[in-house]
Structures are given as C-alpha cells and as structure tokens.
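This document opens with one chain alone, in structure tokens, the form predicted on its own.
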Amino acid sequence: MIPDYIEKLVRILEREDVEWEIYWEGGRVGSFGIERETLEKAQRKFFSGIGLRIGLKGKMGFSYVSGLSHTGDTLEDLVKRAIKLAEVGNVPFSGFPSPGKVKKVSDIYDPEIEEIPFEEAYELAGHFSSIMAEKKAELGGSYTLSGSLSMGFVHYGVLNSNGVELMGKSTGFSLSSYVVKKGLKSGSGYYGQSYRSLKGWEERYSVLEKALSLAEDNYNAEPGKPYEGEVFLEPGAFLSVLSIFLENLRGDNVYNGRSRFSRPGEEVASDILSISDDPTVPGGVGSYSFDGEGSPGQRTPLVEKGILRGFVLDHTFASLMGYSSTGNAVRDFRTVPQIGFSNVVVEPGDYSEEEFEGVIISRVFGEHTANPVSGDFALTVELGYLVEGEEKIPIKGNMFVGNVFEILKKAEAAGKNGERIGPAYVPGLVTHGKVV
C-alpha cells in the first residue's frame, strides 16, 4: 500500500502539467568499530527522505527532502522547486520507465536485522572483539587485531506518472577483520565479507582466520624477482583488474566517449571468458527486484566467450543510445539515478590452481589509478606467491603492470573454484603478465 505521505505528494503533482517520478526510502544502519581488540565505536543512524524528478518540455528538474513526514506546504515547496529547476536547467529529460514485469528476488531481506535491538547488536560486536582478544592472547603481543561489524535495513519505493508503482525492502550485514603482525619486520592482512542476513554472523571465525592467514603470509613475504610469463590471478586480484575493464561497459561512459567500446559484437577478451551482470541472484548482496527507476532487475550478458554482448544501462542512457534499460539505475533519495553494477558474475572454468607453477598474484591495490580507456595499469602486489615445484614462496611489494585488454585477451583458463567477493562472483584466471 502506498504510504499516505506519498499519496499526498501525488495529489499535488497531478495538479501540474508535468511528468513526475517519486523515489522514497527509510531505514537504519548500525555500525561498530573494533580497534586493538576493543570495541571502540558504536553508532546507529536513521535515514529517510523523498526524491522527486520532474520532466517538463524536454528538461529535467530534481529536488529532495529529508524525512517522510511533511506538511502540505513542505510538499508543495518540493514540487515547486523541482519544476523550477526543470524550467531553468539544461538537464535533458528522456522520459520515465513504463511498468515492466518485476519478479521478486528471494533472500535479500532478513527481519531479524530490522528487528534486532541496538543492545543486542552491540553485544554481537562485543563478542566479535572478545574473539579477537582471545586470539591475541593465544598468538602473543606481536599481533594486533581490529575489525568492524555493521547491519542495516531499508524500505523503499518508486512511483511515476507512467504507472510504475513498486515497493521493496532489503537488509545487509557485514564483518571485517584487519590483522597486523610486527616483529623483526611487519605484515598485515585484511578480509571482509557482506551478507543479506544475520546468518553471516556464523562466519565470524573464518573472517578472522582468513585475515590472520593473509597477515602471516604478508609478514613472511619479500619482494620477488622481476618476472614475465604465465601468471595465476587469484579471484581477488582478478576482480581488481576486471574492475578497470568494467568501467568500459557502463552505458554513460560509452555514450560520452569514455569507453573503449561503442557497440556489441566486438571481440574483447579470450573465448574462455563470459561475464554478466545479474541482480536476480537469490541472496546476492547486489541483488534487487527492480532498480532505482522501477525497471525490472534482469540478468544482462556483458561478455560471452570473449564477445561483447551489451552494456549496463539505466532508462536515460538506454533511451539516448536506442537500447532498453537493463535495470541498472542505482540511487538514494538525495540523488538522481546513476548507472551501477549489481552482482558481477564471471563463469568459472575447469582449471585447478594446484596445477600451476609460476607467479600467483593474490592481492593488489591501486586499480583506481588505472586508465580504464587505455587499459594501462600498475598495481602494487600486496601478496603473491612464486610457485616452484612444491615450494610456494610469498612475495610482496612488486608491481603488477600491463594492459587490462591484453590481460583478458591472453587469458588461457578460468579457475574451477569461484569466490564471492561482496557482490562479485569470480574465479581465478591464468593469463600472461608482467611483475617488476
């Protein structure tokens, strides 16, 4: 049922000769910070508001108001402000979506997260810090353990003058751990994971153990020798490289000439690679039934066996480019929709990492410094391994350099064991690379 405050706003809008879209949301986020095994920060934030887009004579106006309970005068002012901005602005308006067939995505809402009292959430965070304290007591004073826990929910809705009328709700829960080991040298390891339900709490020990394992390997690692040849990118490193490539698949970048690509059909990667965007994954942290404009969530093939098949699009850029929206408009009530990815899914292969000899790159950072259009990158190796026979020597501090388009075209095999990293499902990748 449409809330009363939205019906009141609709009645005001229906007096005006304009096209309109209302996006509203309300929710709560609780976050907790653990420093040196001690729960140091705890906060709970509530948020809510209404965003209004107006289409008038080919131009768009946008305005918003915080909170959901407003007087008639406040809502009148919201409408007048959005209309005025459409009249004096120069933002082109391409219309709003019409109603589509929306299928409910399962397991993206857990009532336990919405209903949990702040005191109980605080206890969970305190328990997570106590696990870290116990681990430090077991390992000794050379280790420092930190981390975070957060959870939240949101109720949201989209309504427009074309007849879209949708409402939904979702929840999120996340855990992270950061471990530092100091002795004659130092090493660190970070691991975090996000979930849709409180069942993620069951992985608190594994989250900590993965961070500890990475810290241990990072502590023992030394800079490796320069290397060029076959490399195995573990899922985390592959995702970092892939993120540079994905910027070229955003419709706004394609339309504005900020993409390497202009149309589907081009060979852009090795034929062992197939990539899709899929907000319909049950329980996926990037999943939704409809996007921020009310377009249905759908699986969108982006690359199939190395061939570019499509881009991620919202309604505006789909209209400008002559396509249909792929349901990839993301937003909150303070912003107009922007194009974003949901769950990025890379199809796994049949390659087993145990077969590999050479350089394994486990973790890198610095992908934000890369040029997505040229594809050139120079990423710091946070952790990798040199594999010679049965010996696996950890390395760090080198630079993994190259060009993302060449890396993907030279890909030889995809790992058979994929990993979920937040909203991405990614296998490892065997390709040709250079480490300096």
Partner chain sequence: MEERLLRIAERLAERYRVEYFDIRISRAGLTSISLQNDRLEELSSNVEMGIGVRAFKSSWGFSSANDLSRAEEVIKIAIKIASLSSGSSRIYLGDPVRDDVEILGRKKVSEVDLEDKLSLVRGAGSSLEGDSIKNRSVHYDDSVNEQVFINSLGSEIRTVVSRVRLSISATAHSAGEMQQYWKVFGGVGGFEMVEEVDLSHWGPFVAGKAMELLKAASPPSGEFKVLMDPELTGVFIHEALGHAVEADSVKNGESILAGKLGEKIAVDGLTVVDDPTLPGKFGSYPYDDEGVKAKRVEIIKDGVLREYLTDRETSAVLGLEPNGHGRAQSYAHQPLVRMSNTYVEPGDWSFDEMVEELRNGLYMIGDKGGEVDIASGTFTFGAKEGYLVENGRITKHLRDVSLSGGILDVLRNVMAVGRDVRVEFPGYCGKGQWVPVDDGGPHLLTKATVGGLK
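Residue numbers count along the first chain shown, from 1. Given the structure is predicted, the values throughout are model-derived calculations rather than measurements.
There is also a form predicted together with the partner chain; it is not shown, and the following applies to it.
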Inset, instruction - Flag this candidate site as yes only if 10, 155 and 307 all have a heavy atom within 4.5 Å of the partner chain in the model of the complex; otherwise mark no. - result: no
Legend entry - Interface membership of residue 436, the partner chain in the model of the complex, 4.5 Å heavy atom rule: yes
Inset, instruction - With heavy atoms only and a cut-off of 4.5 Å, decide whether residue 323 touches the partner chain in the model of the complex. - result: no
Inset, instruction - Mark residue 388 yes when one of its heavy atoms lies within 4.5 Å of a heavy atom of the partner chain in the model of the complex, and no otherwise. - result: no
Inset, instruction - Decide whether residue 180 counts as a contact residue for the partner chain in the model of the complex under a heavy atom distance cut-off of 4.5 Å. - result: yes
Inset, instruction - Sort through 299, 263, 258, 225 and report the residue having a heavy atom within 4.5 Å of the partner chain in the model of the complex. - result: 258
Inset, instruction - Have a look at 170, 194, 276, 188 for me and say which one sits with a heavy atom within 4.5 Å of the partner chain in the model of the complex. - result: 188
Inset, instruction - With the partner chain left out here, work out from 139-147, 231-239, 266-274, 279-287 which stretch has heavy atoms within 4.5 Å of it in the model of the complex. - result: 139-147
Legend entry - Residues in 333-355 close to the partner chain in the model of the complex, defined by a heavy atom within 4.5 Å, in order: 333, 334
